[in-house]
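Quick setup: one chain, the form predicted on its own, written in structure tokens, and binding and motion questions come after.
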Amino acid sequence: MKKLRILPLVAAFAIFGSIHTLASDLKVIANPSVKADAISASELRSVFLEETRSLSDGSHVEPVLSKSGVAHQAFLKQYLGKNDDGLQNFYRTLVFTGTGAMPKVLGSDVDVIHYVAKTRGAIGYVSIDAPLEGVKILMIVQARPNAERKLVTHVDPEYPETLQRLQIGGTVCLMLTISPKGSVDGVSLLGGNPILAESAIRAVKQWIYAPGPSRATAEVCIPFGNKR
């Protein structure tokens, strides 16, 4: 029965790309307020590393960590590429620099499920056999388009004068949601300097792609500085 419930979702993704479901010993769960039924591996990483607070469909999300366990270790290894010490040091740096906060950390699957069920936008992970109540499961996918949507109208982002003067550059990576008509309907930050990201997001919202049969997503990376 579970396979039958996910078939419509797989079919929707297959319209614009092949789907590779990322299997693991865990389930990613979300509060029902989250509109998405699936999340890409890159989005999941960005949410838990606090590079973005929203998904490509515009849903606001709040990451919730488990304290320990098989699911916790699998999640760190497969999606974050960090061990416990590395992740804690990462969050301490965010807190120290004022660029982020320590996420909610809970001690058991039951605690995670209870918190996610009652907290709008919450997203977490639990063991594959954990009984779920009041939450939704997000399928984790890696979309690989068979044919990319052609970019018709491109607008360059403004490079903030102050950052230019200080020679602060870098690359901003974004996840775009493209409408069938070709307009960019949604943008979420996958990584990069938040100040540069504001300029990049303003620019890509003006981009126009070639029309297509359905909504599509695209990951784009925009460099700032070090241009020759």
Partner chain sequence: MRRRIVHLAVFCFCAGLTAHAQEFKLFDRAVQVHGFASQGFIYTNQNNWLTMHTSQGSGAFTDFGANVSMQVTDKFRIGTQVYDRNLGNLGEWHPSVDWAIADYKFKPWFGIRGGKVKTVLGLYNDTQDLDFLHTFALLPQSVYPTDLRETTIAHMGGDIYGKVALPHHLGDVSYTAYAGHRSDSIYSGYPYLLSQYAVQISSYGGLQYGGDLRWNTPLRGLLIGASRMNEDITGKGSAVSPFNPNAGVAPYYESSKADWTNQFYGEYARGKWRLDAEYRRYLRDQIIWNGTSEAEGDVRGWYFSAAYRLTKRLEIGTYYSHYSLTTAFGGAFAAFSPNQTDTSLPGNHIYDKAITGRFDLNRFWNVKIEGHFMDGYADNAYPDGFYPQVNPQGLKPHTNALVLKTSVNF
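Computed from a predicted structure; not experimentally measured. Residue numbers count along the first chain shown, from 1.
Below, we turn to the form predicted in complex with the partner chain, even though it does not appear here.
Task: the partner chain in the predicted complex: contacting segment from 43 to 51, 188 to 196, 28 to 36, 162 to 170, heavy atom within 4.5 Å - done: Contact-bearing stretch, as computed: 43 to 51.
- [ ] Tell me, out of 77, 118, 154, 150, which residue has a non-hydrogen atom within 4.5 angstroms of the partner chain in the predicted complex.
- [x] By the 4.5 Å criterion, the partner-contacting residue is 77.
Task: residue 114 within 4.5 Å of the partner chain in the predicted complex, heavy atoms - done: It does not: once the partner chain is placed as it appears in the predicted complex, residue 114 has no heavy atom within 4.5 Å of it.
TODO: Would you check, heavy atoms only and a 4.5 Å threshold, whether residue 93 touches the partner chain in the predicted complex?
DONE: Output for residue 93 is yes: heavy atoms within 4.5 Å of the partner chain.
Open item on the list: At 4.5 Å between heavy atoms, is residue 81 in contact with the partner chain in the predicted complex?
Closed with: Output for residue 81 is yes: heavy atoms within 4.5 Å of the partner chain.
TODO: Decide whether residue 108 counts as a contact residue for the partner chain in the predicted complex under a heavy atom distance cut-off of 4.5 Å.
DONE: Although the partner chain is absent here, residue 108 would stay clear of it in the predicted complex, with no heavy atoms inside 4.5 Å.
- [ ] At a 4.5 angstroms cut-off on non-hydrogen atoms, which residues of 94 to 124 are near the partner chain in the predicted complex? List them in order.
- [x] The stretch touches the partner through 95, 96, 97, 98, 99, 100, 101, 102.
Open item on the list: Quick one: with a 3 Å or larger change, is the residue 37 to residue 219 CA distance smaller or larger in the predicted complex? Answer closer or farther.
Closed with: Here the pair is farther apart than in the predicted complex; there, closer.
- [ ] Might you say whether the CA atoms of residue 219 and residue 101 end up closer or farther apart in the predicted complex than in this form? Their distance differs by 3 Å or more.
- [x] It is farther: in the predicted complex, the C-alpha atoms of residue 219 and residue 101 lie at least 3 Å more apart than they do here.
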